[in-house]
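This document starts with one chain, in the form predicted alone, laid out as structure tokens.
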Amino acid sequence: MKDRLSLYPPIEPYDYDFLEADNHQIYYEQCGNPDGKPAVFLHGGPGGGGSKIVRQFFNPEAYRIIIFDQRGCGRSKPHGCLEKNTTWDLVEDIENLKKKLGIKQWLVFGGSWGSTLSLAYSQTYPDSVSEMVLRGIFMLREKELKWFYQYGASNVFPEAWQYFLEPIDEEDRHNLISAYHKIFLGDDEEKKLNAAIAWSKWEGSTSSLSYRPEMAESFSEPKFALAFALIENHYFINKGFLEEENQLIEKGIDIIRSIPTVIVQGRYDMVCPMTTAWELSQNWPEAELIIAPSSGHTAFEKEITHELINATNKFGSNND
């Protein structure tokens, strides 16, 4: 299968600025067609930040593409800040950004944590969402967190898991999220950085269907790793700041049932296993579930990229 990212050339923003919120300065950029269909890209993590390459999921002639870095990460300031950094703060940021840009409705595109945030936002502001494109569904439920951070994916990637365990003392390994949290709250900056790199490389190593340790290197850059690991761990310790763990996958579905949605899920996603996307689809049969049969987690698996661009092209043709 040809790499569909080559379909649209890399483009530069025509506008970028910061949204002021609480003690945060939230970076955002616009690119593509200023008169096109508005679409907002919600990155993963939490704590991942936006990137140039994600602009290529959208036809720049059809879309007005808005990408922003969520609180504490990427180009937003202050870097790594956990204060006033919750799911519901981010939901308000998305809506406030929409208002600032004079947009009535926009397509919401989110993968992994971005899918969680897309659902939280759309269930809070359903009238703001024209369509959704979701990938690698993640609900921060205990069984999902235990699969990836305690026991499950460790059986598939034992080489990477060994490195993930290294910063944690043997007696603390019964609850690795909490053990990492203790380090991240501590005063030993060297130990905190080493733990952040180990945490981040674990996800980078496991995102592709095939084990490719070189993918983890981009996750080990110190500035990225600190924000990524600290913010992810902050959200996971707090269970996504949800009232209860099935809130988005069950209770809120009736609010968004009529929003046209495509869900793209890798069959062999080890980070966000397919069972969550399947459960979401069972509760929301109106949404279209597309299974990429030979893919893992990352949006840059060729099958997944192909389906994501198909979805944005389909919705982009609806722009009136």
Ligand code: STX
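Because the structure is a prediction, the values reported are computed rather than measured. The first residue of the shown sequence is 1; numbering continues from there.
Beyond the structure shown, there is the form predicted together with the ligand, which is absent from this document and is the topic of what follows.
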{"property": "The single option of Gly48, Pro38, Pro273, Gly32 touching the ligand in the model of the complex, heavy atom within 4.5 Å", "result": "Gly48"}
{"property": "Interface residue in the model of the complex among Trp147, Trp161, Tyr125, Phe236, criterion: non-hydrogen atom within 4.5 angstroms of the ligand", "result": "Phe236"}
{"property": "Stretch from 40-48, 273-281, 56-64, 254-262 whose residues place a heavy atom within 4.5 Å of the ligand in the model of the complex", "result": "40-48"}
{"property": "Close approach of Trp106 to the ligand in the model of the complex, 4.5 Å, heavy atom", "result": "no"}
{"property": "The ligand contact in the model of the complex: Tyr121, any heavy atom under 4.5 Å", "result": "no"}
{"property": "Distance check, Glu232 to the ligand in the model of the complex, heavy atom within 4.5 Å", "result": "yes"}
{"property": "Partner contact for Glu203 in the model of the complex: the ligand, 4.5 angstroms, heavy atom", "result": "yes"}
{"property": "Residues in 281-311 with any heavy atom within 4.5 Å of the ligand in the model of the complex", "result": "His297"}
